[in-house]
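Read the single chain below, which is given as C-alpha coordinates and is the form predicted on its own.
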(Lines give C-alpha, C1' and ligand atoms only; values in the text may rest on other atoms or scores of the structure.)
Protein backbone atom coordinates (compact mmCIF):
# COMPACT_ATOMS: atom_id res chain seq x y z
CA UNK A 1 0.00 0.00 0.00
CA UNK A 2 1.16 3.52 -0.81
CA UNK A 3 2.03 5.70 2.16
CA UNK A 4 1.50 9.47 2.24
CA UNK A 5 3.78 12.03 3.91
CA UNK A 6 3.81 15.76 4.51
CA UNK A 7 7.17 16.87 3.15
CA UNK A 8 6.88 20.66 3.19
CA UNK A 9 5.02 23.38 5.09
CA UNK A 10 4.82 27.13 4.70
CA UNK A 11 2.84 29.77 6.56
CA UNK A 12 2.45 33.53 6.59
CA UNK A 13 1.66 33.53 10.29
CA UNK A 14 -1.60 35.00 11.59
CA UNK A 15 -2.60 38.55 12.49
CA UNK A 16 -5.82 40.25 13.55
CA UNK A 17 -5.80 42.45 10.44
CA UNK A 18 -3.65 42.48 7.28
CA UNK A 19 -4.38 45.69 5.36
CA UNK A 20 -0.92 45.53 3.79
CA UNK A 21 -1.44 42.30 1.81
CA UNK A 22 -4.13 40.70 -0.31
CA UNK A 23 -5.24 37.10 0.02
CA UNK A 24 -3.30 36.38 -3.20
CA UNK A 25 -0.09 37.72 -1.68
CA UNK A 26 -0.66 35.60 1.43
CA UNK A 27 -1.15 32.50 -0.69
CA UNK A 28 2.00 33.27 -2.69
CA UNK A 29 4.13 33.75 0.44
CA UNK A 30 2.90 30.55 2.08
CA UNK A 31 3.36 28.57 -1.13
CA UNK A 32 6.89 29.88 -1.69
CA UNK A 33 7.88 28.88 1.84
CA UNK A 34 6.33 25.42 1.41
CA UNK A 35 8.08 24.79 -1.91
CA UNK A 36 11.43 25.75 -0.35
CA UNK A 37 10.75 23.52 2.66
CA UNK A 38 10.05 20.59 0.32
CA UNK A 39 13.50 20.68 -1.26
CA UNK A 40 12.99 23.76 -3.48
CA UNK A 41 10.55 21.98 -5.75
CA UNK A 42 9.11 23.70 -8.80
CA UNK A 43 5.30 23.93 -8.83
CA UNK A 44 5.27 23.90 -12.64
CA UNK A 45 7.36 20.73 -12.92
CA UNK A 46 7.26 18.74 -9.68
CA UNK A 47 3.71 19.05 -8.36
CA UNK A 48 1.05 16.86 -9.94
CA UNK A 49 -2.07 18.46 -8.45
CA UNK A 50 -3.17 21.39 -6.31
CA UNK A 51 -5.98 21.65 -3.76
CA UNK A 52 -7.43 24.92 -2.49
CA UNK A 53 -9.71 24.91 0.54
CA UNK A 54 -12.03 27.88 0.29
CA UNK A 55 -15.69 28.85 0.51
CA UNK A 56 -17.20 31.36 -1.90
CA UNK A 57 -19.16 33.08 0.87
CA UNK A 58 -15.98 33.88 2.79
CA UNK A 59 -14.16 35.11 -0.30
CA UNK A 60 -16.88 37.31 -1.74
CA UNK A 61 -16.54 35.70 -5.19
CA UNK A 62 -18.57 33.10 -6.98
CA UNK A 63 -16.48 30.15 -8.23
CA UNK A 64 -13.53 31.40 -6.19
CA UNK A 65 -11.15 28.73 -7.49
CA UNK A 66 -10.75 30.76 -10.68
CA UNK A 67 -8.59 33.12 -8.59
CA UNK A 68 -6.31 30.41 -7.19
CA UNK A 69 -3.83 29.12 -9.86
CA UNK A 70 -1.63 32.18 -10.47
CA UNK A 71 -0.11 32.58 -7.03
CA UNK A 72 0.35 28.83 -6.50
CA UNK A 73 2.08 28.21 -9.85
CA UNK A 74 -0.84 25.98 -10.82
CA UNK A 75 -1.80 27.50 -14.17
CA UNK A 76 -2.99 24.78 -16.59
CA UNK A 77 -2.46 22.12 -13.91
CA UNK A 78 -4.87 19.82 -12.06
CA UNK A 79 -6.68 21.99 -9.49
CA UNK A 80 -9.28 20.76 -6.99
CA UNK A 81 -11.38 22.92 -4.69
CA UNK A 82 -12.69 21.76 -1.32
CA UNK A 83 -15.51 23.98 -0.10
CA UNK A 84 -15.13 22.99 3.52
CA UNK A 85 -12.74 22.31 6.33
CA UNK A 86 -9.01 22.17 5.55
CA UNK A 87 -8.43 18.80 7.22
CA UNK A 88 -11.00 17.48 4.76
CA UNK A 89 -8.70 19.09 2.17
CA UNK A 90 -5.83 17.06 3.62
CA UNK A 91 -7.99 13.95 3.33
CA UNK A 92 -8.60 14.78 -0.34
CA UNK A 93 -4.86 15.11 -1.00
CA UNK A 94 -4.26 11.86 0.88
CA UNK A 95 -6.79 10.00 -1.29
CA UNK A 96 -5.45 11.49 -4.54
CA UNK A 97 -1.99 10.15 -3.75
CA UNK A 98 -3.42 6.81 -2.64
CA UNK A 99 -4.94 6.34 -6.11
CA UNK A 100 -1.47 6.03 -7.61
CA UNK A 101 -2.19 8.73 -10.20
CA UNK A 102 -0.46 11.53 -8.26
CA UNK A 103 2.90 11.57 -6.45
CA UNK A 104 3.06 15.15 -5.17
CA UNK A 105 0.08 17.32 -4.17
CA UNK A 106 0.05 20.89 -2.84
CA UNK A 107 -2.66 21.80 -0.31
CA UNK A 108 -3.55 25.45 0.31
CA UNK A 109 -5.91 27.19 2.70
CA UNK A 110 -6.20 30.74 3.94
CA UNK A 111 -8.50 33.04 5.83
CA UNK A 112 -8.92 36.81 5.63
CA UNK A 113 -11.90 37.59 7.85
CA UNK A 114 -10.73 41.18 8.34
CA UNK A 115 -11.85 41.84 4.76
CA UNK A 116 -15.41 40.71 5.51
CA UNK A 117 -17.48 43.71 6.60
CA UNK A 118 -20.37 41.55 7.82
CA UNK A 119 -18.56 38.43 9.04
CA UNK A 120 -21.20 37.24 11.48
CA UNK A 121 -24.01 38.00 9.06
CA UNK A 122 -22.38 35.47 6.74
CA UNK A 123 -22.37 32.97 9.62
CA UNK A 124 -26.03 33.78 10.25
CA UNK A 125 -26.77 33.08 6.58
CA UNK A 126 -25.77 29.45 7.18
CA UNK A 127 -28.67 29.01 9.63
CA UNK A 128 -31.87 27.28 8.55
CA UNK A 129 -33.77 29.97 6.58
CA UNK A 130 -37.22 28.87 7.79
CA UNK A 131 -36.80 27.85 11.44
CA UNK A 132 -33.64 29.50 12.80
CA UNK A 133 -32.54 32.54 10.83
CA UNK A 134 -35.79 34.48 11.43
CA UNK A 135 -35.08 34.34 15.18
CA UNK A 136 -32.38 36.95 14.59
CA UNK A 137 -29.58 37.69 17.01
CA UNK A 138 -25.90 36.84 16.82
CA UNK A 139 -25.42 33.24 15.56
CA UNK A 140 -23.04 32.37 18.41
CA UNK A 141 -26.06 31.95 20.68
CA UNK A 142 -25.92 28.37 19.38
CA UNK A 143 -22.56 27.91 21.12
CA UNK A 144 -23.97 29.27 24.36
CA UNK A 145 -26.81 26.76 24.27
CA UNK A 146 -24.46 23.89 23.50
CA UNK A 147 -22.00 24.89 26.24
CA UNK A 148 -24.83 24.95 28.77
CA UNK A 149 -25.94 21.45 27.86
CA UNK A 150 -22.38 20.09 27.64
CA UNK A 151 -21.43 21.33 31.12
CA UNK A 152 -24.70 20.02 32.58
CA UNK A 153 -24.34 16.55 31.05
CA UNK A 154 -20.62 16.03 31.71
CA UNK A 155 -19.98 17.81 34.99
CA UNK A 156 -17.19 19.90 33.50
CA UNK A 157 -17.20 23.46 34.81
CA UNK A 158 -17.05 27.01 33.55
CA UNK A 159 -13.89 27.51 35.62
CA UNK A 160 -12.22 24.62 33.79
CA UNK A 161 -13.18 26.22 30.49
CA UNK A 162 -11.51 29.42 31.71
CA UNK A 163 -8.36 27.37 32.40
CA UNK A 164 -8.40 26.32 28.74
CA UNK A 165 -8.33 29.99 27.74
CA UNK A 166 -5.47 30.77 30.12
CA UNK A 167 -3.49 27.77 28.86
CA UNK A 168 -3.97 28.39 25.17
CA UNK A 169 -3.42 32.13 25.21
CA UNK A 170 -0.25 31.49 27.22
CA UNK A 171 0.96 28.82 24.77
CA UNK A 172 0.46 31.30 21.95
CA UNK A 173 3.04 33.63 23.49
CA UNK A 174 5.69 31.10 22.41
CA UNK A 175 4.25 30.70 18.90
CA UNK A 176 5.50 33.26 16.36
CA UNK A 177 2.58 32.34 14.08
CA UNK A 178 -0.06 33.26 16.71
CA UNK A 179 -2.02 36.51 16.80
CA UNK A 180 -3.48 36.50 20.32
CA UNK A 181 -0.83 35.38 22.79
CA UNK A 182 -1.47 36.79 26.26
CA UNK A 183 -0.72 36.19 29.91
CA UNK A 184 -4.19 35.94 31.44
CA UNK A 185 -5.54 33.98 34.37
CA UNK A 186 -8.83 32.29 35.15
CA UNK A 187 -10.27 35.37 36.88
CA UNK A 188 -9.56 37.48 33.80
CA UNK A 189 -11.70 35.10 31.76
CA UNK A 190 -14.51 34.79 34.29
CA UNK A 191 -14.67 38.56 34.76
CA UNK A 192 -14.63 39.43 31.06
CA UNK A 193 -17.85 40.73 29.52
CA UNK A 194 -20.77 38.34 29.14
CA UNK A 195 -21.55 37.55 25.52
CA UNK A 196 -23.54 34.37 24.88
CA UNK A 197 -24.43 32.86 28.25
CA UNK A 198 -22.49 31.13 29.70
CA UNK A 199 -19.73 32.26 27.31
CA UNK A 200 -17.75 35.33 28.29
CA UNK A 201 -15.80 37.50 25.87
CA UNK A 202 -12.48 35.72 26.45
CA UNK A 203 -14.11 32.30 25.95
CA UNK A 204 -14.57 33.14 22.27
CA UNK A 205 -11.78 33.03 19.67
CA UNK A 206 -11.20 36.20 17.67
CA UNK A 207 -10.74 36.22 13.86
CA UNK A 208 -7.28 36.26 12.30
CA UNK A 209 -5.80 36.49 8.80
CA UNK A 210 -3.20 34.13 7.40
CA UNK A 211 -2.41 31.32 5.00
CA UNK A 212 -0.79 27.90 5.05
CA UNK A 213 0.43 25.60 2.26
CA UNK A 214 1.51 21.98 2.69
CA UNK A 215 3.17 19.61 0.25
CA UNK A 216 2.19 15.94 0.40
CA UNK A 217 4.01 13.14 -1.38
CA UNK A 218 3.91 9.39 -1.82
CA UNK A 219 6.50 7.26 -0.06
CA UNK A 220 8.20 6.69 -3.43
CA UNK A 221 9.30 10.33 -3.64
CA UNK A 222 9.02 11.60 -0.04
CA UNK A 223 12.62 10.64 0.80
CA UNK A 224 13.86 12.71 -2.14
CA UNK A 225 12.02 15.82 -0.95
CA UNK A 226 12.50 15.73 2.82
CA UNK A 227 14.89 14.32 5.41
CA UNK A 228 12.16 14.55 8.04
CA UNK A 229 8.76 13.57 6.55
CA UNK A 230 5.64 13.41 8.69
CA UNK A 231 3.40 10.51 7.76
CA UNK A 232 -0.38 10.70 7.44
CA UNK A 233 -1.47 7.44 9.03
CA UNK A 234 -5.22 7.97 9.11
CA UNK A 235 -7.91 10.50 8.19
CA UNK A 236 -11.59 10.74 8.99
CA UNK A 237 -14.45 13.17 8.56
CA UNK A 238 -18.14 13.32 9.44
CA UNK A 239 -21.21 15.55 9.39
CA UNK A 240 -23.97 15.16 11.95
CA UNK A 241 -27.41 16.63 11.30
CA UNK A 242 -27.31 20.33 10.40
CA UNK A 243 -30.63 20.90 12.17
CA UNK A 244 -30.57 22.64 15.54
CA UNK A 245 -33.75 20.79 16.46
CA UNK A 246 -32.43 17.25 15.98
CA UNK A 247 -28.69 17.42 16.79
CA UNK A 248 -26.96 16.15 19.92
CA UNK A 249 -26.24 19.15 22.16
CA UNK A 250 -23.84 17.57 24.65
CA UNK A 251 -21.53 15.38 22.55
CA UNK A 252 -19.41 16.28 19.49
CA UNK A 253 -20.75 13.33 17.51
CA UNK A 254 -19.03 14.46 14.31
CA UNK A 255 -15.63 14.46 16.04
CA UNK A 256 -16.17 11.04 17.57
CA UNK A 257 -17.16 9.47 14.23
CA UNK A 258 -14.29 11.17 12.38
CA UNK A 259 -11.79 10.13 15.06
CA UNK A 260 -12.92 6.51 15.02
CA UNK A 261 -12.51 6.48 11.24
CA UNK A 262 -8.99 7.93 11.46
CA UNK A 263 -7.95 5.68 14.35
CA UNK A 264 -9.12 2.58 12.52
CA UNK A 265 -7.04 3.50 9.48
CA UNK A 266 -4.02 4.30 11.67
CA UNK A 267 -4.36 1.11 13.72
CA UNK A 268 -4.91 2.95 17.00
CA UNK A 269 -7.04 1.08 19.51
CA UNK A 270 -6.42 3.05 22.70
CA UNK A 271 -5.99 6.76 21.86
CA UNK A 272 -5.39 7.91 25.43
CA UNK A 273 -2.30 5.68 25.58
CA UNK A 274 -1.10 5.70 21.96
CA UNK A 275 -1.49 9.42 21.12
CA UNK A 276 1.23 11.72 22.50
CA UNK A 277 -0.44 15.10 21.96
CA UNK A 278 -3.40 16.71 20.21
CA UNK A 279 -4.37 19.88 18.39
CA UNK A 280 -8.15 20.34 18.59
CA UNK A 281 -10.62 23.02 17.64
CA UNK A 282 -11.29 25.51 20.43
CA UNK A 283 -13.27 28.21 18.66
CA UNK A 284 -15.04 28.39 22.03
CA UNK A 285 -13.29 27.36 25.24
CA UNK A 286 -15.68 24.50 26.07
CA UNK A 287 -15.09 23.01 22.61
CA UNK A 288 -11.58 21.93 23.60
CA UNK A 289 -13.00 19.86 26.47
CA UNK A 290 -15.81 18.48 24.30
CA UNK A 291 -13.41 17.50 21.53
CA UNK A 292 -10.89 15.88 23.90
CA UNK A 293 -13.65 13.60 25.13
CA UNK A 294 -14.96 12.91 21.62
CA UNK A 295 -11.43 11.92 20.52
CA UNK A 296 -11.36 9.39 23.39
CA UNK A 297 -8.27 10.99 24.89
CA UNK A 298 -10.03 10.67 28.23
CA UNK A 299 -13.28 9.29 29.57
CA UNK A 300 -16.52 11.33 29.32
CA UNK A 301 -16.63 14.05 31.93
CA UNK A 302 -12.88 13.96 32.64
CA UNK A 303 -11.56 16.56 30.19
CA UNK A 304 -11.95 19.42 32.65
CA UNK A 305 -10.05 17.51 35.32
CA UNK A 306 -7.20 16.91 32.87
CA UNK A 307 -6.89 20.66 32.34
CA UNK A 308 -7.23 21.40 36.05
CA UNK A 309 -4.52 18.89 36.96
CA UNK A 310 -2.13 20.22 34.29
CA UNK A 311 -2.21 17.10 32.10
CA UNK A 312 -3.15 19.02 28.92
CA UNK A 313 -0.53 21.72 29.49
CA UNK A 314 2.98 21.63 28.01
CA UNK A 315 4.80 19.15 30.19
CA UNK A 316 1.64 17.18 31.01
CA UNK A 317 0.81 13.64 29.97
CA UNK A 318 -1.50 14.72 27.10
CA UNK A 319 -0.59 18.22 25.86
CA UNK A 320 -3.41 19.86 23.92
CA UNK A 321 -3.10 22.93 21.68
CA UNK A 322 0.54 23.75 22.26
CA UNK A 323 0.11 26.17 19.34
CA UNK A 324 -2.40 28.20 21.30
CA UNK A 325 -5.33 26.77 19.36
CA UNK A 326 -7.93 29.06 17.85
CA UNK A 327 -8.00 31.03 21.08
CA UNK A 328 -4.30 31.87 20.70
CA UNK A 329 -3.74 31.81 16.93
CA UNK A 330 -7.11 33.25 16.00
CA UNK A 331 -10.06 31.90 14.04
CA UNK A 332 -8.88 31.71 10.43
CA UNK A 333 -12.11 30.40 8.89
CA UNK A 334 -11.41 27.34 6.71
CA UNK A 335 -7.66 27.57 7.44
CA UNK A 336 -8.23 26.79 11.12
CA UNK A 337 -7.81 23.06 10.50
CA UNK A 338 -4.50 23.77 8.75
CA UNK A 339 -3.37 25.64 11.87
CA UNK A 340 -3.91 22.42 13.84
CA UNK A 341 -2.02 20.43 11.19
CA UNK A 342 0.86 22.91 11.07
CA UNK A 343 1.55 22.64 14.79
CA UNK A 344 1.28 18.86 14.68
CA UNK A 345 3.84 18.71 11.87
CA UNK A 346 6.23 21.10 13.62
CA UNK A 347 6.04 19.12 16.87
CA UNK A 348 6.69 15.82 15.12
CA UNK A 349 9.63 17.33 13.23
CA UNK A 350 11.07 18.79 16.45
CA UNK A 351 10.75 22.34 15.10
CA UNK A 352 8.30 23.92 17.56
CA UNK A 353 10.88 26.07 19.34
CA UNK A 354 10.42 26.82 23.02
CA UNK A 355 7.07 25.01 23.09
CA UNK A 356 8.62 21.80 21.72
CA UNK A 357 7.40 18.62 23.41
CA UNK A 358 9.85 15.83 24.23
CA UNK A 359 9.64 12.28 22.90
CA UNK A 360 6.51 12.66 20.75
CA UNK A 361 5.82 10.30 17.86
CA UNK A 362 2.04 10.37 17.33
CA UNK A 363 -0.12 13.48 17.09
CA UNK A 364 -3.79 14.03 16.34
CA UNK A 365 -5.19 17.12 14.59
CA UNK A 366 -8.94 17.76 14.78
CA UNK A 367 -11.10 20.49 13.29
CA UNK A 368 -14.67 21.75 13.39
CA UNK A 369 -16.19 24.00 10.77
CA UNK A 370 -17.90 26.22 13.33
CA UNK A 371 -21.40 27.47 14.10
CA UNK A 372 -23.93 26.35 12.98
CA UNK A 373 -22.37 23.25 11.39
CA UNK A 374 -21.72 19.78 12.75
CA UNK A 375 -18.85 19.12 10.36
CA UNK A 376 -15.50 17.88 11.61
CA UNK A 377 -12.38 16.04 10.55
CA UNK A 378 -9.44 14.24 12.18
CA UNK A 379 -5.94 13.31 11.02
CA UNK A 380 -3.45 11.03 12.74
CA UNK A 381 0.17 11.98 11.99
CA UNK A 382 3.42 10.25 12.98
CA UNK A 383 7.14 10.78 12.46
CA UNK A 384 7.82 7.14 11.63
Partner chain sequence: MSEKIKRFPGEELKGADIRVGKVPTIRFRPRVRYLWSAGVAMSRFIEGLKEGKIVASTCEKCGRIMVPPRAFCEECFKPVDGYTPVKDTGTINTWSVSYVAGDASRIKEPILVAVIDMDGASTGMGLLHLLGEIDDWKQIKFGMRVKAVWKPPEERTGNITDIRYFKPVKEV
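Here the structure is a predicted model, which means the values were calculated and not measured. Positions refer to the first chain, counted from 1.
Note that the form predicted in complex with the partner chain isn't included here; everything after this is about it.
- Contact annotation: residue 269 falls outside 4.5 Å of the partner chain in the predicted complex, judged by heavy atom distances.
- Shown alone here, residue 115 lies within 4.5 Å of the partner chain in the predicted complex, counting heavy atoms only.
- The closest heavy atom approach of residue 48 to the partner chain in the predicted complex falls outside 4.5 Å.
- At the 4.5 Å threshold, heavy atoms of residue 25 reach the partner chain in the predicted complex.
- With the partner omitted from this view, the residue of 160, 148, 218, 124 that lies near the partner chain in the predicted complex is 124 [heavy atom within 4.5 Å].
- Screening 200, 166, 71, 226 for any heavy atom within 4.5 Å of the partner chain in the predicted complex leaves a single hit, 71.
- The candidate spot formed by 140, 256 and 274 lies out of contact with the partner chain in the predicted complex, as no residue has a heavy atom within 4.5 Å of it.
- Here the chain stands alone, but in the predicted complex its contact with the partner chain, taken as any heavy atom within 4.5 Å, falls in 40 to 48 among 340 to 348, 354 to 362, 323 to 331, 40 to 48.
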